[in-house]
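Just one chain is shown here, as structure tokens, and it is the form predicted alone.
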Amino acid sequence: MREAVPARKGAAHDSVSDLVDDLLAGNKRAAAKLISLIEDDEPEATDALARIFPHTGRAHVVGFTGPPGVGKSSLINRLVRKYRSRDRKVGVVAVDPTSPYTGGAVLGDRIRMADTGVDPGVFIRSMATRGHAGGLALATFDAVRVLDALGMDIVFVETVGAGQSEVEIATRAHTTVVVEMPMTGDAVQTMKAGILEIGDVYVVNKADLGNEDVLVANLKFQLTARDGWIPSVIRTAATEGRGIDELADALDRHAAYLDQTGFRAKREVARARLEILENAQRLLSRRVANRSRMGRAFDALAEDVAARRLDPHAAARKLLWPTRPREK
């Protein structure tokens, strides 16, 4: 790796170019600035992402989901140490609920992970959901790409823990880890939740509390193969460091399985489809929100729908295809 240099100053376009060059040289400050551009939805972010994209696709992305309080941050903290001992560079994107006052993240994962954050082979960033449902910030996986281009070998994404509806991470990550804990009624809730269908690895954390056998047995009984992979169930006590070796080994086994079977490429295509649609929706929303020609057409269509001259479905088709012949 060539020596990193501080990000240089200049015009907006040159600044983005310089930041990306510094990022590719391993400059963590450049990574932080680029993620801020992305998170704040600055105009330069699109240019930055276009420059970064060819240098991505190498990091293994692991998503962590599960109810609040099960110890996801503690597990990730331990895993960061474990992977660093295996000479792997690690990135972490921790998605937090949005502060109603500042719009920023409020849980402070970087504080909880402070002892690993000073490692030059580790990069940790908290991001706010800003009201986005599903437990992920809209910019989360653009930030993951920044860390990928920075040279991280593995990137952990921690979701906010929104409960049963939090399954979005499975459409994004290469490996999805579902974390539960005993003695909280989760054995019953897990049977009802869609999370039984999304996990590649299941963790019963806080095993030091006892009574984890029931939850482990219920999980093993209910789990079915996903893409031919039978999920592992790992017992851990993150505060004591128990089960971390086994969890890291399970993550590595799943990564190897994806490569050997070709499922990694299939998941990449599925994620690409989703991201194309999301970006198309975002671009459409922006165009109708401003006073462009499409924005004015949108206002006119809204008036037609409100006056019952046009139904919403027909209006949507007319917005997308204004010159398309009327369907018979």
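Just count from 1 along the sequence shown to find any residue number. Everything quoted here is computed from the prediction, not taken from an experiment.
The form predicted in complex with a small molecule exists for this protein as well; it is not shown, and the discussion that follows is about that form.
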{"query": "4.5 Å heavy atom contact, Thr171 to the small molecule in the model of the complex", "finding": "no"}
{"query": "Partner proximity in the model of the complex: Pro68 to the small molecule, non-hydrogen atom cutoff 4.5 Å", "finding": "yes"}
{"query": "Asp200 within 4.5 Å of the small molecule in the model of the complex, heavy atoms", "finding": "no"}
{"query": "4.5 Å heavy atom contact, Lys206 to the small molecule in the model of the complex", "finding": "yes"}
{"query": "Proximity to the small molecule in the model of the complex (heavy atom, within 4.5 Å), stretch among 215-223, 238-246, 253-261, 144-152", "finding": "238-246"}
{"query": "Of Ser126, Ser74, Thr140, Ser232, the one that lies within 4.5 Å of the small molecule in the model of the complex (heavy atoms)", "finding": "Ser74"}
{"query": "Listed residue (Val160, Val122, Leu79, Val167) with a non-hydrogen atom within 4.5 angstroms of the small molecule in the model of the complex", "finding": "Val160"}
